[in-house]
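Next up: just one chain, as C-alpha cells, the form predicted on its own.
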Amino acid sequence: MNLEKVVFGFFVLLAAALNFGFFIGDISDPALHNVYELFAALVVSLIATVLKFGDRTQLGAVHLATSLVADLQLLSAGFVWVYASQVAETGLTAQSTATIVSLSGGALLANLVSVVLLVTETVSFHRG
C-alpha cells in the first residue's frame, strides 16, 4: 500500500465531504450553513491542492485544475461571508447566504469531478 496515495485520497475525499456538509440545506438559511465548516472545507481543499502539485501526468494536471477551481470558489465564498457579516450594514442576509452556498456548490462540483477522477484512476490501475 502506498501511503502517499492514501493521504492524497483521504484529503480529496475529505474536501468533498466537508464541502457537501456545508452545501446541504436550505440555500438561504444562514443557520443551516456553519462558517467553521466552510473554513474547514477551504483549508482541506488547499491541502489537497498542495498534494496535487507533484504529479506531472495529464491526469495530474486535471486533478490540479479541479482543486484550483474548488479553492477559488471556496475562497470567494469565504470573502462574501466575511464581507456580509463584518462589513455590510445588513449583515448576513438570505441573499448573501444564497451567494455563499452557490459558490460552495461550484466547489462541490469541482470536488466531485476530482473524486470521479480518483476513482477512475484507481479502478484502471493495473499491476505490472
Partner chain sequence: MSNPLLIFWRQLFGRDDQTPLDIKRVPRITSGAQASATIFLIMRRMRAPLITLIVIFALSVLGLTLIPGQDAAGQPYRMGFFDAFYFMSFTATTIGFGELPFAFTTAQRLWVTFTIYLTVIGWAYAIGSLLTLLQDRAFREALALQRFTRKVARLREPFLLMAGFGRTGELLGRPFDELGQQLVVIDESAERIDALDLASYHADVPGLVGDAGNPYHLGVAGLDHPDCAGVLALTDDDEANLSVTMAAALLRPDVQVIARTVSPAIADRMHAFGTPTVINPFDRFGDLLRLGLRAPASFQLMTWLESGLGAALPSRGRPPRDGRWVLCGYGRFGQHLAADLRTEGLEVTVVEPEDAVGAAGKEPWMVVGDASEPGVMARADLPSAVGFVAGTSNDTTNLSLVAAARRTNPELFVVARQNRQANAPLFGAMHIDAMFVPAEVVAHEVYAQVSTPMLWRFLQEMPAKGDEWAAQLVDRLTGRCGRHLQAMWKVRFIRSDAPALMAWLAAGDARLGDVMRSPEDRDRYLRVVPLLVRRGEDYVLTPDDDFILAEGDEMLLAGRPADRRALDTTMIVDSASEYVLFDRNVPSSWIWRRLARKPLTLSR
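Bear in mind that the values here come from a model prediction, so they are computed numbers and not experimental data. Numbering follows the first chain given and starts at 1.
Below: the form predicted together with the partner chain, not depicted.
Checked against the partner chain in the model of the complex, the residues 94, 59, 68, 47 give one hit for a heavy atom within 4.5 Å, which is 47.
Under a 4.5 angstroms non-hydrogen atom cutoff, the partner chain in the model of the complex has residue 55 among its neighbouring residues.
In the model of the complex, at least one heavy atom of residue 82 sits within 4.5 Å of a heavy atom of the partner chain. Residue contact check for residue 51: one or more of its heavy atoms lie within 4.5 Å of the partner chain in the model of the complex.
Proximity of residue 98 to the partner chain in the model of the complex: non-hydrogen atoms within 4.5 Å are absent; the residue sits far from the partner.
Contact with the partner chain in the model of the complex holds for none of 20, 24 and 27, as no heavy atom of theirs lies within 4.5 Å. Contact annotation for 11 to 50: residues with any non-hydrogen atom within 4.5 angstroms of the partner chain in the model of the complex are 35, 36, 39, 43, 46, 47, 50, listed in sequence order.
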